[in-house]
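Just one chain follows, in the form predicted alone, and it is written as structure tokens.
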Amino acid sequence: MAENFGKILLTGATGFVGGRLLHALTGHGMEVRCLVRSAEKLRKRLFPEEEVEIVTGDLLKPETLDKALDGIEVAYYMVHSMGGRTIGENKVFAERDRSAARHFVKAADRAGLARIVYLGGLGETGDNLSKHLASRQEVAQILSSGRAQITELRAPNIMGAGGAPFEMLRSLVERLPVMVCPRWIETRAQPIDIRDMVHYLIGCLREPATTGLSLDVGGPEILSYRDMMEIYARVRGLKRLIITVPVLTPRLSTYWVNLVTPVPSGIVNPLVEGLRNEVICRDNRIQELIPIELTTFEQSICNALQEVEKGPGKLMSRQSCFLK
């Protein structure tokens, strides 16, 4: 039986995390209204049994938001500009995110929205924070300025098929027997599996004690990007040589990754720039508030490879994943 949260507003339903969250919400029998720019794009991604209300609108067009928020008490804010197709487009992403958040807060206040669950970015505060992570934190501050209470989940790289972090990792390791990499591959992170991330997002809805909190979320292991590449290679049974050099700037690294992988440079750039910042949980309250068994990085890679091969939701065995 579904909990009585009323109809839930989901923004970003066509995105990597938002799409997974939508399937999970409807799978739990919850009523969902999706705010999207393209209703047709969302309909193509829905499972046959899914029934959702679709409202066409744009967070950059404030006149389209009142209808989406009408009668809503809880909303998931899952929209951010990861990047454009090119690095040049990234020059305006922070301003777009800023405007979208401000428009949403004003519309939410008019509608009497009670609560927002926001997926932000994990990273230390300070002047050295990447532009992408700094923007995610700024959006959290804007959303907190309204009357609705906000729960912010500060997440690191989220690993899953179709997500930019996994696709970039997969392409690099699959295509390059010898990888000459910049020193940022030694930066530590705490990547989380997409299923665990969705579990936390729904858990925040169900656990009232998370209301008004900013919570760090991450996987069970602290790994460098080198570690991640080596684990992926081991999972796939591949022999790879990784050499680090000090001369590749974030921009040159972006062009190198874009040349080797299908991920657009505008998306690679904020990922690469963010790798100068450690993304590690400093606050582990989420583990007490929403206790779950976290997925190891090896199993997360295994799950993602299965989805690449057979579609969402089908997990491969350790044997078929080449794990020793």
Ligand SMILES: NC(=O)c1ccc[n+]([C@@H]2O[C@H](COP(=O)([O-])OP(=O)(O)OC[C@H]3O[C@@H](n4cnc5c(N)ncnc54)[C@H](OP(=O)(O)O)[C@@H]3O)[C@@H](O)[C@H]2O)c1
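The first residue of the sequence shown is number 1, and the count goes up from there. None of the values given here were measured: they were computed from a predicted structure.
The form predicted in complex with the ligand exists for this protein as well; it is not shown, and the discussion that follows is about that form.
J.: To test your reading of this chain, name the stretch in 175-183, 112-120, 205-213, 230-238 whose heavy atoms come within 4.5 Å of the ligand in the predicted complex.
T.: Every other range fails; the passing one is 112-120.
J.: In the predicted complex, does A13 come within 4.5 Å of the ligand, counting heavy atoms only?
T.: Contact check for A13: yes, within 4.5 Å of the ligand in the predicted complex.
J.: Tell me, yes or no, whether L59 is in contact with the ligand in the predicted complex, where a contact means a heavy atom of each within 4.5 Å.
T.: Output for L59 is yes: heavy atoms within 4.5 Å of the ligand.
J.: Do P165 and the ligand share at least one heavy atom pair within 4.5 Å in the predicted complex?
T.: Yes.
J.: Verify the contact flag for N157: yes if a non-hydrogen atom of it lies within 4.5 Å of a non-hydrogen atom of the ligand in the predicted complex, no if not.
T.: Answer yes; at least one heavy atom of N157 falls within 4.5 Å of the ligand in the predicted complex.
J.: What is the one choice in K67, R37, R285, R43 with a heavy atom within 4.5 Å of the ligand in the predicted complex?
T.: Looking at the other structure, the residue within range turns out to be R37.
J.: May I ask you to choose, among V79, L223, A134, I142, the residue with a heavy atom within 4.5 Å of the ligand in the predicted complex?
T.: None of the other options qualify; the answer is V79.
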